[in-house]
Structures are given as structure tokens and as C-alpha cells.
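Here you get one chain, nothing else, as C-alpha cells; it is the form predicted alone.
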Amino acid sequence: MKNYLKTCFVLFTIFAFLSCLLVMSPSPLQAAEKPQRGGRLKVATDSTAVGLDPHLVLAFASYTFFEHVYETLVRYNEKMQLEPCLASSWEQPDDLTYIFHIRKGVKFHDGSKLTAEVVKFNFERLLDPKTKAPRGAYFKTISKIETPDKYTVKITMSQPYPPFLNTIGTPWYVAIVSKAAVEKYGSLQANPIGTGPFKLIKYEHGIKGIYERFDDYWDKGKPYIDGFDFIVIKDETSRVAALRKGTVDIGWIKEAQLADLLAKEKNLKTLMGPPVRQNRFWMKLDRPPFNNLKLRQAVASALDRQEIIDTVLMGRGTLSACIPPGCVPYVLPQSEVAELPFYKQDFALSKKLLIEAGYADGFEFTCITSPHSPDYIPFAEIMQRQLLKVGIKMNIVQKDWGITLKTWRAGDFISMIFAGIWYPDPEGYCYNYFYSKASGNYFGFKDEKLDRLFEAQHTEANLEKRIKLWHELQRYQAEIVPCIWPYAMTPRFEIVNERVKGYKFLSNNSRSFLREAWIGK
């Protein structure tokens, strides 16, 4: 009896102790931290703006500065899906018509109000030849813009244009600016006025931008922080040092080796987007040697892409077709990408193709690249070694980044290596370059079958049919090798101090989620 009572007492004590733990331990909902208001962040970037009027500049460096000031009708969420922004909702009653219901009560930083007429003004400004907007060509299919009432905009197309919604989802393509500010200043290059969560209070070219919370922001309660300093630190190792010391809270880097190093820091975390940045081996396709299809195929089949990924990116890369793995839902499955024509290293096939092309002893060519990004030269050097094994000699010429781009646009090259970043639609990855009538076709390339496929997808409003067309396009481009896409990777490694909460980094390099960031204790 005594042992029984003793056992009961022990069990009761254990039960009571566990009950106390349950009472004392918060539920998952209780444990979740609530965003705190106040404080400022320091955010590092690697380049400075070349103007702050979103309708007049193309530079990504400018976008990183103005994306916090301007907004769009629809925007990308953390899953890169479209959601309402300045339009509270939208409809597409047919393949040619888009109706946007403009959010009421939205103010610009200058106090003017957002209306349907202001939205119409923005699209008309983009389309006006006098504006010389570099993005205006994306919207040439717009035939009519109407405002049935103060808060409704109806846009009618001359033909179906499937990329439309994806394209207007980022202020890099269509930012809604203050009409009153344009009428006052003419250009907003030095006077950015939008509806965004932050106001740009001061801009020092090449040094920093100072932002403050917009207290009349339509999404009440946000942003949480009082503001942030956007600091230009061009040197990658200097950004790493600032992150490690805590003198900046957020900063991105490009080099995979440095990302590995920072992963060991206890107070830092690394955010990565899906693989949408592709390195590319571009070829001039209307002159020797790369006007010869078999020579392009011989180069492709001599490459070991996995060795390139493992060596250059420390394994932080993914095989890529002409559109990268992060371009959902159009991308091919990785298993199929690995089996595409000329994607596996096959020296016997490469040598056979060289013989068939009349170059049994190989050939020699020059490749231009730049130290602008840390993976360009290492990729070029590995490619050079791999090609030499089949008798192909690649001479590497390094040039300044600005000269590299100028050379590319002039079409004055045999081959080049540099990357492309995220695009809101698969067209951006190859249609803009390899469609024979595209403005970015600097390669003198024309293929009738490819043109037919490009034209078909360009107006195909049915998503499933468009996906099938893009699958066919990826397979066909692997066969004809107009370019070589060795890998895709995250555009940046975003390094974030652990005190920063609620922040998300998007695959298009957007830091728009600073509107939801807050500072933890």
C-alpha cells in the first residue's frame, strides 16, 4: 500500500510539473513576435542610380533606389504571384480588355490624389514618343485607354498580349508617378514622387539615399520602420566587412564563395530567390565561325556544365534551358533539361561535329567578357580548358563593363560572356534577342521555325497552350544553339542581420518588402 501511494505521489508530481510547463509555454500563436514600430535600418547596395524617373531610365541600379517610392497597379507577392496594389481589383472580360478598379483614398507624396485619370496619364506618358520612354515599346499593343468613372481604368489591346499583367507588376516597367509632379518638374529624375511606403528625402549620387516613412501610406500601419539609409558600397569585400561588423543591416553579394563564408556568421542569415539569373555564352550568328550550326553544337557538347556549376558557384547553381528554372510555369522540368540535345559533355560527338563542319583540327575564336561579375571570368576560363580538349581554342579578352555592353549592342564581337537577370515574362529571356525582328537581336540571327514559335506564343492568350509553345521553344533552341546557357542561379545572395524581422527578398532582386520589415530586440 505504501509503495502504491508513493507511486501515485510521483505520478501526480510529474503530471503537475508538465501541466505547469504547458501553462507557462506559449502556443505557436502566442510565441509569434508582433511587429514593432520605429527605428531605422542601413541597407547596402553595389551601384548608384543614373536617374530616378522610372519612365525614363532602364538601369537596374536606378530601380533599386526608386522601387520604394513608386508602386504599380498590381504587384508581386513573396511567391512571385500577382496581387492587388494601387488597383484594388481587376478583370479581364476578354483577351483584349483589362479593367482596373483603382484603390480609393491613395495619396502621392506631394499630397495629390490617385485617380483613374492619373493612371491614364501614366500609360499615355509611357506611350508618348516625346517622352522617349525605353519601356514604351512593351505597350505598343494598347489601342485605347478609357476612364468610365473616377476610379475605373479600361485598357483595350489591338491584339492579345499575354505578358501584360506580369509586365505591369513591377515599377521597373510601369511605375505610377504623380501627374502633378510631372507637370511641375517635367522630369522626375531628381524629384521622385510616388505613392510608395517611403519618401526619398535626400539623394547623394554615388553615396546614399535617405528614406523616411510615408505617414499617409494607403496600407495603414505600414511601414513599421521610421526609414532607412540606402548606402552605396561598390566593393564586395567592403560590403561583407560592413555586414560582419553590423554597420549595415542588409546587403547583397554576388560571389558564391563569400556567401559560404557569411553563412558561418551566427548573427547573419542568407536569403536567396529562385534561380532566374542566367550566365550566357553569346555568339555572333551571322559570321564565321558561329554561323555554322555544327560548330555551335560542337562547342555545346564539349562543355561539362556541372563542373562549371560546382567550380564557379560552389554548387549553388542549376542547369538551365533558354528560360531559367525560376520562370514558372513555363520552364521545363530539370530532368528534361539534363537530357536536352548537346547538354551532356560528349567529346566524341563534339569531334564528330567538328569533322562534319570541315574543322577536323578544331578552330580558334575570341571571347569578350568582363570582371564586372565574379562568375564571368571563372566561367570563361573553365570553358576555355574544356574546349581545348577537342581542339577548340578560345582566347579570352577582358574589357571594362561599359565597353563590354557597348560592344555587344554594336554587334562587334565573335562571342561574349555575361549574364541576364530576371524578367517578368519568358519573352525577356530569349524572344527579345533571338526573334529576327526584335530590337535586341544584336546577333544577326534568323530562323523561320523559331520566328513562327515566337509569334505564336506572343499572342496566345490561353495559358496552357502558351506553356506548351514555350516547352517546344526550349527544346528547339537547344537543338539550334543560338546561345549557350550553362547555368542559372539566384540573382543575389541577400545577407540580413538577425535583428531584422519580416523582411523577404524576391527573385527579381526587389527589396520592396522593406515595407514589412521591423527591428527586433
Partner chain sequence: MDEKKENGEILSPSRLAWMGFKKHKLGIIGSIMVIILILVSLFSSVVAPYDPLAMNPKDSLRAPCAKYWLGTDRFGRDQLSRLLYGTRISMEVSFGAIAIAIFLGVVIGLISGYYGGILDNIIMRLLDILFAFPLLLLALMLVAVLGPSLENLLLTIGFLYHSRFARIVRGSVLAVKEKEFIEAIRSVGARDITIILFFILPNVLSPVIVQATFNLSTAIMVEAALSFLGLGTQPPTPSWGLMISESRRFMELAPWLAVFPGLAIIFAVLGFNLMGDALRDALDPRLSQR
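Positions refer to the first chain, counted from 1. Computed from a predicted model, the values in this text were never measured in an experiment.
Unshown form predicted in complex with its partner chain; subsequent notes refer to it.
Shown alone here, Ile421 lies farther than 4.5 Å from its partner chain in the predicted bound form, counting heavy atoms only. None of the heavy atoms of Leu114 is located within 4.5 Å of its partner chain in the predicted bound form.
Residue contact with its partner chain in the predicted bound form: Gln398 places a heavy atom within 4.5 Å of it. At the 4.5 Å threshold, heavy atoms of Ile323 stay clear of its partner chain in the predicted bound form, well away from it. Taken together, Gly51, Pro197 and Lys222 are entirely out of contact with its partner chain in the predicted bound form: none brings a heavy atom within 4.5 Å. Of the residues given (Val312, Met416, Leu188, Leu73), Val312 alone sits with a heavy atom within 4.5 Å of its partner chain in the predicted bound form.
For the candidate set Pro134, Pro378, Gly444, Pro160, a heavy atom within 4.5 Å of its partner chain in the predicted bound form is found for exactly one residue, namely Pro378. Per the 4.5 Å heavy atom criterion, its partner chain in the predicted bound form is contacted by stretch 256 to 264, the sole one of 166 to 174, 294 to 302, 333 to 341, 256 to 264. Residues of 355 to 385 that come within 4.5 Å of its partner chain in the predicted bound form, judged by any heavy atom, are Pro374, Ile377, Pro378, Glu381, Ile382, Gln384, Arg385 in sequence order.
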